[in-house]
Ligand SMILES: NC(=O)c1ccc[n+]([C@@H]2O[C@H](COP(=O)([O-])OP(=O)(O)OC[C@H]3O[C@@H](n4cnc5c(N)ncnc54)[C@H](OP(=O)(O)O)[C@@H]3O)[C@@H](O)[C@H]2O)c1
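Single chain ahead, written as structure tokens, the form predicted alone.
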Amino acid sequence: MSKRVCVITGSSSGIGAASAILYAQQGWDVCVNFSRDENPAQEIAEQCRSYGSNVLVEQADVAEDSQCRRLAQNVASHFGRCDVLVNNAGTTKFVALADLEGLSAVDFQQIYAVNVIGAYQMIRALLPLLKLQLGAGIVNVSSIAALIGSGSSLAYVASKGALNALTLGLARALGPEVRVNAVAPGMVDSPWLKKGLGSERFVALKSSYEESSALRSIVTPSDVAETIYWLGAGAAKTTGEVHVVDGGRRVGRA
């Protein structure tokens, strides 16, 4: 019997990479996806193989439907199955929320193309394989930005809100064969965020975040990966939910 298979978009670093490694550690085969730079993806693939995982490394820009469909075809040829899809690929533009002139229609379109349309296209492409597996699951990586109305930019906030709505709609449409859930991380200690914010601003926001959070902590990619694994591999009776992993940021402190 073949091992279960997880496809993770944007899995050459951060949350996606941590998720790929965790699934491999738990005995799954994985598809590692990257959009531009293959070297980090191959490094993550090697880590997954060290746990005995059969790894397929695939280049695909999820904003391009033809590339999503090609990835799905290659997964079918290589593994013959897909049990879990993690839509982790994402993008943003760092613009202060009050700076309405800082975002153009093109900015919105590019961010939505990856964060919302890309997730939809990947689900559509892999759905025939997912439907063949009992207990198949989809996990969309959202953000608390959509829940608190704050984040790297208004376009990003809105895109994650749209992704949450897509998650709910697809949970209704694809049940009972396929479960669809989302995870909404808070501030993540990742190179991607540090680069986007700049080191000084990152440190300042980290301190502020920790001070105002019930658990006095930001989250790591591994923290988020644990929830992604549970939603994909377990959570048999859970669908249409957005699970927050934020160190208690929304709860706050007394």
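Computed from a prediction, not measured in an experiment: that's the story for all the values here. Counting begins at 1, following the sequence as shown.
Another form exists, predicted in complex with the named molecule; not displayed. Remarks below refer to it.
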Among 140-148, 101-109, 125-133, 75-83, the region lying within 4.5 Å of the named molecule in the model of the complex by heavy atom distance
140-148
Let me know the one among S213, S53, S190, T227 whose heavy atoms come within 4.5 Å of the named molecule in the model of the complex, would you?
S190
Using 4.5 Å between non-hydrogen atoms, is D61 touching the named molecule in the model of the complex?
yes
Contact between R36 and the named molecule in the model of the complex at 4.5 Å, heavy atoms?
yes
Any non-hydrogen atom of Q121 within 4.5 angstroms of the named molecule in the model of the complex
no
Residue contact check: V114 to the named molecule in the model of the complex, 4.5 Å heavy atom
yes
Taking the named molecule as it sits in the model of the complex, which residues of 89-104 have a non-hydrogen atom within 4.5 Å of it? Please list them.
A89, G90
